[in-house]
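First comes one chain, alone, set out as structure tokens in the form predicted on its own.
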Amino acid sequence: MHRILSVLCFWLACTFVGDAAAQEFSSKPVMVTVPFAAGGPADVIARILAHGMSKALDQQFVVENTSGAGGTIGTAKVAASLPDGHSLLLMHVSHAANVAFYPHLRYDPVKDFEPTGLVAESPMAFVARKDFPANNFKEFVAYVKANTEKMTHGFAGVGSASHLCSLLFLHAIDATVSGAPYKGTAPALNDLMGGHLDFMCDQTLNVLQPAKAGLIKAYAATTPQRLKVAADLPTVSESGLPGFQMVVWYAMYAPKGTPKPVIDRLSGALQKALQDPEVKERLAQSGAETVAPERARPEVLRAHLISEIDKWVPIIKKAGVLSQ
């Protein structure tokens, strides 16, 4: 009831003072919720953006981590927040996939949020234990298909980007392989380096350095073109699975009911931040690439989210994977 009255009062205020006042923020900080643990890629990206948007609006943006249940706890928190422009969510591709992973979500990823804009994309790569028999990606695919009952792939929890990438791969080659969920990428990668897992697919930020050090084998990147930072690493598409692509996309959302003038202002600040040379450089160093300004718009994100839900739901349902 308190939230309903607060929202009503906010809308009445907007009605009386007009659009100009609706675009004004109070002096309190804008809270950006990251529904994952501190230190991960989403957290790093959120903090870089918070800095850029603070400069763009001359308004303090503060990042808060609320992790758990594949990002759904922090996401639900933002969905229930007052829609006054002071609560934002920084979420990645799991926002679309969690519809299938979690049948009893406390929110609707489309209906309960106002899109602010796409933010960045991060490439991924297939890697395996250092003594994996295959010498290239074609041999890797053939070996996986011939030894499905003997293999285990690792991933950073149900619904994580690494989980989605493996599911997409197994769907593409029509194979079923036992999966081992971990509480984050780091422990999964440690077990891969220790030879306790056979393979995984994860963001290049996490796997390229151990691959260069010879601790694991890297087979292919999931991007349309070869990576600038690893030009000798072929793409999946050129290595036997034409059209295969998987990037981790990040986006920003506000609670449903946030007035359009406020969304427009936040989206404008986001677009300005993404064009800031410092932001672009810091995101590149983190392993992510900023999206073009025309893609960092609410309407583009809304259409993208819906298309990603349509893409992932049938793949996840076919795999028969649900949260515990």
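Note that this is a predicted model, so its numbers are computed, not measured. Note that residue numbering begins at 1 and tracks the sequence as displayed.
Unshown form predicted in complex with a small molecule; subsequent notes refer to it.
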query: Single option in G268, P261, P298, G40 placed near the small molecule in the model of the complex, where near means a heavy atom within 4.5 Å; finding: G40
query: Listed residue (T75, S166, Q203, T222) with a non-hydrogen atom within 4.5 angstroms of the small molecule in the model of the complex; finding: Q203
query: Answer range among 80-88, 108-116, 178-186, 209-217 for contact with the small molecule, defined in the model of the complex as heavy atoms within 4.5 Å; finding: 178-186
query: Any non-hydrogen atom of F199 within 4.5 angstroms of the small molecule in the model of the complex; finding: no
query: Proximity of A128 to the small molecule in the model of the complex, heavy atoms at 4.5 Å; finding: no
query: A120, heavy atom within 4.5 angstroms of the small molecule in the model of the complex; finding: no
query: Non-hydrogen atom contact H153 with the small molecule in the model of the complex at 4.5 angstroms; finding: no
